[in-house]
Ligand SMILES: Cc1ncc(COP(=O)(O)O)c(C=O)c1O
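One chain is shown next in structure tokens, namely the form predicted on its own.
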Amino acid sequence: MTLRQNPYSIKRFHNDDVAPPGDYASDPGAFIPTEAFDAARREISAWPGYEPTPLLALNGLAEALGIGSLHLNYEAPRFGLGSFMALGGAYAVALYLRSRIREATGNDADTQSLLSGTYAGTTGNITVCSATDGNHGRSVAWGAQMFGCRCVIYVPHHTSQGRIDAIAAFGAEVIRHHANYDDTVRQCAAVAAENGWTVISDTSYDGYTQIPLDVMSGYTVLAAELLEQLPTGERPSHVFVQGGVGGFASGVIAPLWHHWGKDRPRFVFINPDNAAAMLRSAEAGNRVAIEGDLETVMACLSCGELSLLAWKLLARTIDDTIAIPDEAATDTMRTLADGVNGDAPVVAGESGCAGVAGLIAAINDDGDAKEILGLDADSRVLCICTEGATDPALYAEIVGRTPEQVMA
């Protein structure tokens, strides 16, 4: 069986100036220290409910696409929050609270003392905040609740009520800002400065880099887990990563590059065509900000400006950038829900399926994308489903079935 979703008009750019094959740690773009990989794994694996997320082999879809293999890292079960971002925001909250406890008491708080409320007298007077399209804010709110501090989350105008309710369920105050994501980031930072709050953001900018670095370090746990689950001796030829500000892509690419060194895979970055900050930046050779509403069904990728830190790595490692329309994502949600050639159904959210959507769009492209990307019967592709049905009502509207009906 072959697979042919609707033909799409995609935009694509190939980067001839990626870093030459070599060691990760010695590259100028390697801003996440290698020791941060292990530190994040030690901390996060000690949290209640920690389990590695599964790596799925989609052999039926690979056959339909005419490639050798397709593995999908599936982040929906992550800590019950539904997305990979549970790794980042909460981790940064934990590290920040430890630093404040150290300043206030001179003590180095460990995970158990944070969880048990030993330092509640200190943490209870701290407020963390963030701007989010949904999943990152949920992680920050969860971390604040788990470790005992107050949380305020700002969301842009297009954020669905389902995602707002999910954040509020962790005790956060949620404020809708009637603007796009990037303007909401600026509003959150301004209010935080006025009130003495601390921003826990997954995007970095001039003068604000340490906390985003901590967030991205948390994401590296995902890569460590999937490396342990890949079939023995298998190295992907291609890794398709979706991105908004680029923090997720950086957190995945850094440890994979470190692991494979000069044999690193070809990295392909997928973004929505209405919020294609990475595509524009790759074409220009520097960070380019996009203005406007940036509205897309892939809400967690709706960002007009790349993270300052992330760009340092992405400019050195992203071989190809593809911008896809919303239809590519919604069609892929339905394809994964149906299963192809005997594959088990996968419940993938609108942003979560974007890597697979980019792969399908490239292979089905009426132009030369498949050939330019070197996708053929020998290709071994790795994608990450970054979220499940984080807004179940919207998922059911798009797919025509509830998540429970799909899995049944």
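So that there is no doubt, residue numbering starts at 1 and follows the sequence shown. If you're wondering where the values come from, they're calculated on a predicted model, not measured in any experiment.
This protein has a second form, the form predicted in complex with this ligand, left out of what is shown; the following refers to that one.
Since the chain is shown here on its own, which stretch among 102-110, 171-179, 237-245, 274-282 would lie within 4.5 Å of this ligand in the predicted complex, judged by heavy atoms? The contacting stretch here is 237-245.
Please check if residue 328 has a heavy atom lying within 4.5 Å of any heavy atom of this ligand in the predicted complex. Answer no; every heavy atom of residue 328 is more than 4.5 Å from this ligand in the predicted complex.
Within 4.5 Å, heavy atoms only: does residue 217 come near this ligand in the predicted complex? It does not: once this ligand is placed as it appears in the predicted complex, residue 217 has no heavy atom within 4.5 Å of it.
Does residue 301 make contact with this ligand in the predicted complex, using a 4.5 Å heavy atom cut-off? Yes, residue 301 lies within 4.5 Å of this ligand in the predicted complex.
Distance check, residue 84 to this ligand in the predicted complex, heavy atom within 4.5 Å: Taking the distances in the predicted complex, the answer for residue 84 is yes, it comes within 4.5 Å of this ligand.
At a 4.5 angstroms cut-off on non-hydrogen atoms, which residues of 117-146 are near this ligand in the predicted complex? List them in order. Sequence-ordered list has one entry, 135.
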